[in-house]
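The data below hold one chain only, encoded as structure tokens and taken in the form predicted on its own.
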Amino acid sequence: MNNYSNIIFEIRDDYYFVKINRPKNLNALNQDTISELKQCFDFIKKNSKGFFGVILTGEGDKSFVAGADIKEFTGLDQKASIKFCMNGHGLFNNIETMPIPVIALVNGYALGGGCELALSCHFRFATKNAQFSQPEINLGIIPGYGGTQRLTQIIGKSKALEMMLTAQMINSDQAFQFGLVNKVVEDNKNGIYECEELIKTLKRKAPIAIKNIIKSVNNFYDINSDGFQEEINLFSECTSTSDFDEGVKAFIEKRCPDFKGE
């Protein structure tokens, strides 16, 4: 299934596959690509039942996403830049709040907006040739798609400031050491295999509990939310599901649970 110009979208057996397909531009995120990704993830969010994850990657083996499309920065004034940022925030917030996990397979450059896109995903796997950077300071600006917030949340204040203020590029091993990525994989083929293995694990878990864990963890970073109270609410919501009854029964009977997402 692919009705897009800048991305490839496939519905696979038990997960969705999304690939940014602008290899001549190192898969740079222009506004048209952001619009297509918005449509794609809106569809996934509305049709998540029976699916257990999303794999998001870039075409080729050189680049995941080499940042925003700098050509679109020409003539960007204060008013236009707010709309520019809000478009990215809308997409990345949607990815972060998906009811099924989104796995970024970072295959090459993840620079600027590309790094921010990966940060909005729930898991990040990186090929050995992956490179991460937030180089916006070299253009006289700051990350505008949530990078100052998510990078700090994930790797801590000092390392995040170091990356953003120096524009240093880090490789996959450094990214793993920083806690920026969950796993380093050999190449694209091995990366897809590892992503699919993770999805197989997730497939054995209770879908409503997965959704509520994502929601509860996100509440930790929401200053308008009482994360502890929301955890109680989401826990109690789970206890009203058939999956909860099945999970307890399976534990007592010493067998694997058969969750239905109900």
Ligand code: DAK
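It should be emphasised that the depicted structure is a prediction, and the values quoted were computed from it without experimental measurement. In case it trips you up, residue 1 is the first one in the sequence shown, and so on.
The same protein also has a form predicted together with the named molecule, omitted here; what follows describes it.
Exercise. Looking at N190, T97, S81, Q153, which is the one with a non-hydrogen atom within 4.5 Å of the named molecule in the predicted complex?
Worked result: None of the others qualify; the residue that does is S81.
For this session: Could you check which residue among L111, A130, I103, L180 gets a heavy atom within 4.5 Å of the named molecule in the predicted complex?
Result: Comparing distances to the named molecule in the predicted complex, the residue within 4.5 Å is L111.
Problem set entry | 4.5 angstroms heavy atom contact with the named molecule in the predicted complex for D69 | Yes, D69 is a contact residue.
For this session: With heavy atoms only and a cut-off of 4.5 Å, decide whether L37 touches the named molecule in the predicted complex.
Result: Output for L37 is no: heavy atoms all beyond 4.5 Å of the named molecule.
Exercise. Would N25 count as a contact of the named molecule in the predicted complex, using a 4.5 angstroms cut-off between non-hydrogen atoms?
Worked result: Close contact exists here: in the predicted complex, N25 approaches the named molecule to within 4.5 Å, heavy atoms only.
Exercise. Contact between K62 and the named molecule in the predicted complex at 4.5 Å, heavy atoms?
Worked result: Taking the distances in the predicted complex, the answer for K62 is yes, it comes within 4.5 Å of the named molecule.
For this session: Counting only non-hydrogen atoms, choose the one of 171 to 179, 118 to 126, 156 to 164, 134 to 142 that falls within 4.5 Å of the named molecule in the predicted complex.
Result: The contacting stretch here is 134 to 142.
Problem set entry | Members of 72 to 104 lying within 4.5 angstroms of the named molecule, judged by heavy atom, in the predicted complex | Going through 72 to 104 in order - heavy atoms within 4.5 Å of the named molecule in the predicted complex - the hits are F73, L76, S81, F84, C85.
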